[in-house]
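Next up: just one chain, as structure tokens, the form predicted on its own.
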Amino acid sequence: MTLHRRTLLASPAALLAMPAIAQQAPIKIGVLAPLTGVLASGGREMVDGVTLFVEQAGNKFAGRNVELIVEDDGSNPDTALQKARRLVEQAKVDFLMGNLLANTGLAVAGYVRGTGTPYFIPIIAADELTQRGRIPNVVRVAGYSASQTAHPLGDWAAKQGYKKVATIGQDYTFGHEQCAGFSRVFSNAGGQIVRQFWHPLNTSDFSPYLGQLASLGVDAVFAMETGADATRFIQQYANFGLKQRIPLMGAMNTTDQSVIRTLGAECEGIVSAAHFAEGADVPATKTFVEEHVKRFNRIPSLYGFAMYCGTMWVAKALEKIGGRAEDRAALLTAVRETELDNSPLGRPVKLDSFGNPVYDIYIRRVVRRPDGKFWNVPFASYPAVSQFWNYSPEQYMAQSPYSRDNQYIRQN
């Protein structure tokens, strides 16, 4: 596949005026994203997010020039592994960032376990990467563990007086973990998970599931959908007449900009939980959204936002160590110790001891803007939410990880 390169260098005249460290080789960042196939639009937004921050930083981190080397992982684990090797062993990048799908991220994580290359994952959400299967040089900057945002939504749902809820989700690890996070907390708070539905990725017809959801007598539905599945599910939920009958809650991906920018009124009012809300009345968030719209003519999605903030996080860490990106130990320590403030995330964010951020989690609602477009606006929040929710890390990790068959649903 084609090697995509973006080289951002200062002019020779400017180099002569720079201090010694700036005249070193540029900081090389290897970016992995799906640029072909069904997830290509998300991959392009990932690259846009990194590019926007680097441009705003004047193409320099800590006084050193920055070179982005972008590879297409094709949403394929074997391809991702091949491209990661090329970036590390041939291009000699200082660190890797990116990947979108968990299976590509896990493949790259397995590789860097042996090389020691710092690997920063703003989007890959597999719980195990910062829990039982933690790899010290894999850090989730500006990302989240899959169940982290679903836990507080389960608590919120119980506090709304919902007694009976059904869940529906894509039948793979990310879907299992998000549904488990919601179901565990909701059922522990006294709610009943009446039934769980699982469907294959790229499901075109949801009517068999919708017919059953309509007959269960539930107070609400929790949907864990991404991409085209999210678009189709929301459309068909409304067309089936359920939108006005049964409140719909979603995982953060279900109402991500990449989904709702393609929809009409059928998405309005859906509640979700996330560490970011593009409609938040926060100065840094508003500025980021405005600048993203100006540069790319669209409201930022999870993919662009996460890569933008992840790059900001690493850049701030590099400032602490004088730009010494080649010093892997120093870079990883600085990243772990960095507290990200004045970012689109809103309040300051820091990492736990396992390399996962501790976030304020927003409860958001899809709202129509004056221009007719939709975005997620927060109306409640849960402060300082850990990936372990209210459990101790030791207690949490002594138990089996979330899975399709291990949802930790309490029978009330």
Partner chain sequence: MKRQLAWLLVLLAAAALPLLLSSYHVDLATRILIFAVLAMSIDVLAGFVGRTSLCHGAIFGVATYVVIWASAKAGWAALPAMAAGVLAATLVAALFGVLAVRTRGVYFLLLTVALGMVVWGVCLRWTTVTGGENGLRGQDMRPALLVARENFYWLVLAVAALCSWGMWRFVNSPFGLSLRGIRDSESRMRALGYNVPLHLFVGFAVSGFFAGVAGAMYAFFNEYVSPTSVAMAQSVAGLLMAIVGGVGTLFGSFIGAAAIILLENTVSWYTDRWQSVLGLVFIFTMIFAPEGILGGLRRLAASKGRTR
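Everything quoted here is computed from the prediction, not taken from an experiment. Residue numbers count along the first chain shown, from 1.
Keep in mind that the form predicted together with its partner chain is missing from the display, and what follows is about it.
Across the options 148 to 156, 105 to 113, 186 to 194, 288 to 296, residues that bring heavy atoms within 4.5 Å of its partner chain in the predicted bound form belong to 105 to 113.
A residue is said to contact a partner when one of its heavy atoms sits within 4.5 Å of a partner heavy atom; Gln90 meets this definition for its partner chain in the predicted bound form. Under a 4.5 angstroms non-hydrogen atom cutoff, its partner chain in the predicted bound form lacks Thr203 among its neighbouring residues.
Among heavy atoms of Glu225, none comes within 4.5 Å of its partner chain in the predicted bound form. Contact between Arg245 and its partner chain in the predicted bound form is not found at the 4.5 Å heavy atom cutoff.
For the candidate spot formed by Leu81, Glu128 and Ile135, every residue has a non-hydrogen atom within 4.5 angstroms of its partner chain in the predicted bound form. Among the residues Ser258, Thr173, Thr338, Thr117, the one placing a heavy atom within 4.5 Å of its partner chain in the predicted bound form is Thr173. Arg86 is the sole member of Lys163, Lys320, Arg324, Arg86 with a non-hydrogen atom lying within 4.5 angstroms of its partner chain in the predicted bound form.
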